[in-house]
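We give structure tokens for two forms of one protein chain below, kept apart as structure 1 and structure 2.
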Structure 1
């Protein structure tokens, strides 16, 4: 059996949204460690900060305090030059499924899914071939040339999942990836993400409101008062 390695480690993470007359503390000294082959579900009431946490883990927001390591590399970086490095690390190691799909409106599903590979320097033919395979796996073989506005809500979400999976990331973060899907599609999307975890020895962190789905993961955590606790489900 291969030794389990730490894919993503977050230590003592604190974060608040600050405005002129408000300091809204969302995360307080939060810790999380995810290993290769591990699937973690995060649940919690609306507004507790699940999306904020995933954005911080993905390096899309910067914590006020704390340290994040992605595949052994420091991932909390502050100055502009380091932001570019963070984007590179994200592209190399991470797949992200947003709560709201974030597909680029001007591009077809095929182009959207090809993009992470093009950014990595893969040539266009190869990128499109892999993107097409991925879209087929999420059941969008006949919708590849559609732009996001020409896809249904669930189809957009599946295209976003294909985009996150196409680069076979070491760490997949998914924010309510099945929120817009019916039970059948939701099960097949979870199966696809699980398959990536097994085949590539990746790690999955998913936020979900669906307790049954959460239970299919190795660990279920609840975000409450800025910290992650065992969800006890």
Structure 2
């Protein structure tokens, strides 16, 4: 059996939204540890900060306090030089799937999926080869040259998953990845992500409002009053 290693660890994470009139605490001394091969669902009421938490774990936002370690490297960095390092770590170790695919409309599926590798410095021919392999794995072998407008909702989300996975990330983050899909496509997309996580021995952290989908994960946590608790489902 492959030894499970810690992919991402968040320790005592705090974050609040400040305005002229109030200070709204979103996360308070939150802790999370995710290992290889593990699938974790995060549920919670609207407005509790689930997407904010995911953005912080992805290095898109910076916590006020606390530490995040990604594949053994410090992921909470402040100055501009360190922000650039954080972007490199995110590109190397992470994939992100949104509720809405965020594919670039003017590019084909193949070009969209190639982008993370091009940013990493992979030459175009190699990037397109790996992108084509990934699109084939998600069932889009015959749709690679189609632009997003020419794809169905389920196909667009599959292309977005291929883009997130093309760099073989250690950690896949998904923010309501099936929230814009019907029941059949929702089940298919989750099954695909689960399969690829197992095959690559990576980790999945998913925010979802769908309790039935959450139950299919290894662990289900509820974000409540700024902390992650066992959802008990």
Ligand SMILES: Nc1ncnc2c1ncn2[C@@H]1O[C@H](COP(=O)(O)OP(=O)(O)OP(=O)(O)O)[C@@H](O)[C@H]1O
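Numbering follows the first chain given and starts at 1. If you superpose the two forms and keep the largest set of C-alpha atoms that fall within 1.5 Å, you have the rigid core. The model shown is predicted, which means the values in this text are computed figures rather than measured ones.
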Of structures 1 and 2, the form predicted on its own: 2
Degrees turned by the smaller rigid part between structure 1 and structure 2: 15
Cα displacement of residue 149 between structure 1 and structure 2, core-superposed (Å): 5.7
